[in-house]
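The chain below stands alone, shown as structure tokens; this is the form predicted on its own.
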Amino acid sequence: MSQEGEEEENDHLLFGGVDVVELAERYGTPLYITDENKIRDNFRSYKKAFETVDNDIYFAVKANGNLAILRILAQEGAGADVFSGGELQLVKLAGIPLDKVLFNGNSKSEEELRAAVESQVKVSVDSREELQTLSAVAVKMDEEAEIAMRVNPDVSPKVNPKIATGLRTSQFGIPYNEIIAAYEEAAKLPNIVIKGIHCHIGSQILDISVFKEATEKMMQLVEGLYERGIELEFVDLGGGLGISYQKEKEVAPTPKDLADMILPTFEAKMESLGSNLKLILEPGRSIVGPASILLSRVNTVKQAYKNFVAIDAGFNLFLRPVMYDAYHEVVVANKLNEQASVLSTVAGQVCESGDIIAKDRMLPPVKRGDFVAILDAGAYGFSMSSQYNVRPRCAEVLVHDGAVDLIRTKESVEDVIRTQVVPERLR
């Protein structure tokens, strides 16, 4: 089995035109490998799909915060959806224009609100209390705060509940039936400038009919606001478009499919209002997910309750299978053409029985020293990693037309412990 048909005669997986086994020998394992061309192509597919309306594509930085990747997206004209002061700092360093940044989040600190106002980025206000706090912060700074309100639209996508963010029971956003009153309050508060309206209904969405429902609800709100004299500059419909993790079972919708679901409602409402609102989208996974793999080395193979293939990457580096019971295809990167004849379970090296990367997969016979590649690992991979068990996080490389660049160095144990301080009395 190969990644999108990329293989060569020596049975090695090619990714971005590069032999991943050679990368392992050069940079060690575990190793995140990202294909620059895939990122650029995925981003451009969004711009093309929505070209009939004024649009901006704000990359969801939470999906992947590597500076080199953010720089690629900045070159492509991306904005950014940020969820923390740290992510705001990242997009500044990457050169993403600050007028194309939305500071999102349900629990922003006053320090983060000050940073947003000081940086002159738009704030997605998540509650009426936050609205009042932001106004007070802006007044104290003698600055204006540009805002959108995040709506909880009570839309239920068919996804893991942990990544459904638009449910009525979710902690995110202002309830749909309260949003008009919240905007009326915002219009009266000092130093608050209303710019848009925002929602986000979830992640890894494959049944995109829910986007039509969300668009209809959001545009009804826009109409209600206009009737009250509150006009907007943009509507942000969030992200969430899913990708195909199981190639033989799932067919992922494309940005064009998403556009076909959203644009008729959006454009019809704009025409009836006589307005020209900007449409903002916040894709993350669908841009970077398929663009990376996580390459690991087999430490041991053990026939116990089942055939365990233990690799040198666990949920410290790749949390999704454990946190979400997520499925990722795996391949033996140095044995692509060997017959898959052994039912195997790929386990990580973390001290937890739940550290299973791939359960009950047919693989070629595997031995110590072979290489296992975890596919579609570019979204919520390194960005959710940890240093559990005092395991330093791995390196990352970027491949581009056969060339390779190191974009993150491997940590050392010293990196893991350097911020710890032992009191003098304990020495």
Ligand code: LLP
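A quick note: this is a predicted structure, and the numbers were derived from the prediction, not measured. A residue's number is simply how far along the shown sequence it sits, counting from 1.
FYI, the form predicted together with the named molecule isn't displayed, but the following is about it.
- Looking at 200-208, 127-135, 300-308, 339-347, the stretch with residues near the named molecule in the model of the complex, meaning non-hydrogen atoms within 4.5 angstroms, turns out to be 200-208.
- Taking the partner from elsewhere, residue 384 is found to have a heavy atom lying within 4.5 Å of the named molecule in the model of the complex.
- Among residues of the shown chain, residue 122 is not one whose heavy atoms approach the named molecule to within 4.5 Å in the model of the complex.
- A residue is said to contact a partner when one of its heavy atoms sits within 4.5 Å of a partner heavy atom; residue 43 fails this definition for the named molecule in the model of the complex, lying far away.
- The named molecule is not drawn, but in the model of the complex it has a heavy atom within 4.5 Å of residue 241.
- Though the named molecule is absent from this view, in the model of the complex it lies within 4.5 Å of a heavy atom of just one residue from 397, 60, 373, 39, which is 60.
- Put simply, of 290, 173, 314, 283 only one has a heavy atom within 4.5 Å of the named molecule in the model of the complex, and it is 283.
- Contacts of stretch 66-96 with the named molecule in the model of the complex, defined by any heavy atom lying within 4.5 Å, are made by 81, 83, listed in sequence order.
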